[in-house]
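Only one chain is included here, represented as structure tokens and corresponding to the form predicted on its own.
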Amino acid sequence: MIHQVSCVNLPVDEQMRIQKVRTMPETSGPNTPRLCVVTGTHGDELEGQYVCYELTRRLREHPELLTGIVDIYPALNPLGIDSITRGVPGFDLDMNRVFPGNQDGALTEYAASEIVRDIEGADVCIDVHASNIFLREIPQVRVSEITAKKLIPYAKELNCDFIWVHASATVLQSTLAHTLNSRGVPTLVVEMGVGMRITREYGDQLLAGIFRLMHKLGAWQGEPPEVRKPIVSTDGRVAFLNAPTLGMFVPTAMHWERLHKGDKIGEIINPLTGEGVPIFSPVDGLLFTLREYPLVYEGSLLARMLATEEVAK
């Protein structure tokens, strides 16, 4: 059943409507587990759209196996999704920088407060993001040091390759995940794929993890899928590779490839002069982020690597 979470009138007789689809068992009570899956916070991140579609389809296909409530929010930023704009068009505003919002605030603040109000009380929330148009990410869960102890057991069920534990100093308090975690809703941020694209294999990988987590929560009676054992890492063992010069980046290494220190990752080429600057791995490890968009400026992020010591854990 489709429910309206928030509705705000816009000029020219239009509305910004945030909706969810709720799927629930025939009988439910105050102790019925509830899972929320949200996506579409950034309008140029489309990987979650496939996840929402396929999750809804599979739940409807086997309603007899559902023993919990599943709320799916495909577009927290519907104007951004419609226009393929990262932020909220017309406001030049990142939707994930206005939480927890304000009931008496402007359009985006009001919508954010309604989203938080609607999700509050859930047992777990999964916040699905893609990368931007510049980078490709392996399926990963990102949590802060503050919430790691509570969230990692849930994150390990999600069938992702990597759990990245961020330093607490880098946590933005205006995000949906931080807001919900601070209000007692365990919220996992999943990042995967690339902006403006749908990577079906990544979506299917995450869906297996969602059903595994639903089974753990007591919301699904189906056979729990087998999931991958993720690598758990911290900021200290992640190496960042930035462009030393302007040009076009042409990768030679494969995404999620194991490399040795000094192995060539790619080359920044100059089409005018015919010259190239090779880029080498600074550590032994796994290439989990790789530049997708070729044009780079000095300082542009080319790749992230997970050091071998962390891989062995």
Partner chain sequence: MIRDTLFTLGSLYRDDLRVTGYRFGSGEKAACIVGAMRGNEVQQMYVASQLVRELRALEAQGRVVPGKEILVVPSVNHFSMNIGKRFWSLDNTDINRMFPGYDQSETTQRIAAKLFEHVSGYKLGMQFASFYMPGDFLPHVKMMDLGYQSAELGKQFGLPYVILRTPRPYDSTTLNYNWQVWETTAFSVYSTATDDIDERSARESVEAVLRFLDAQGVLNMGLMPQGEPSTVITEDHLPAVHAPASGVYRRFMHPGDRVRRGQVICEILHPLEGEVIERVKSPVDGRVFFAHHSPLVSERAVIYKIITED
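Everything numeric in this text was worked out from a predicted model, so none of it was measured. Numbering follows the first chain given and starts at 1.
The following text describes the form predicted in complex with the partner chain, which does not appear among the structures shown.
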Review point. Hey, of 197-205, 172-180, 68-76, 222-230, which bit sits against the partner chain in the predicted bound form at 4.5 Å between non-hydrogen atoms?
Key: 172-180
Check your understanding: Quick one: does residue 21 come within 4.5 Å of the partner chain in the predicted bound form, counting heavy atoms only?
Key -> no
Point to revise | the partner chain contact in the predicted bound form: residue 285, any heavy atom under 4.5 Å | key: no
Exercise for review: Give a yes/no on whether residue 235 approaches the partner chain to within 4.5 Å in the predicted bound form, heavy atoms considered.
Suggested key: no
Review point. Even though the partner chain is not shown here, does residue 247 get within 4.5 Å of it in the predicted bound form, heavy atoms only?
Key: yes
Point to revise | Listed residue that, although the partner chain is not shown, lies within 4.5 Å of it in the predicted bound form (heavy atoms), from 218, 153, 184, 105 | key: 105
Practice item. Select from 73-97 the residues with a non-hydrogen atom within 4.5 Å of the partner chain in the predicted bound form and write them out in sequence order. Key: 91, 92, 93, 97
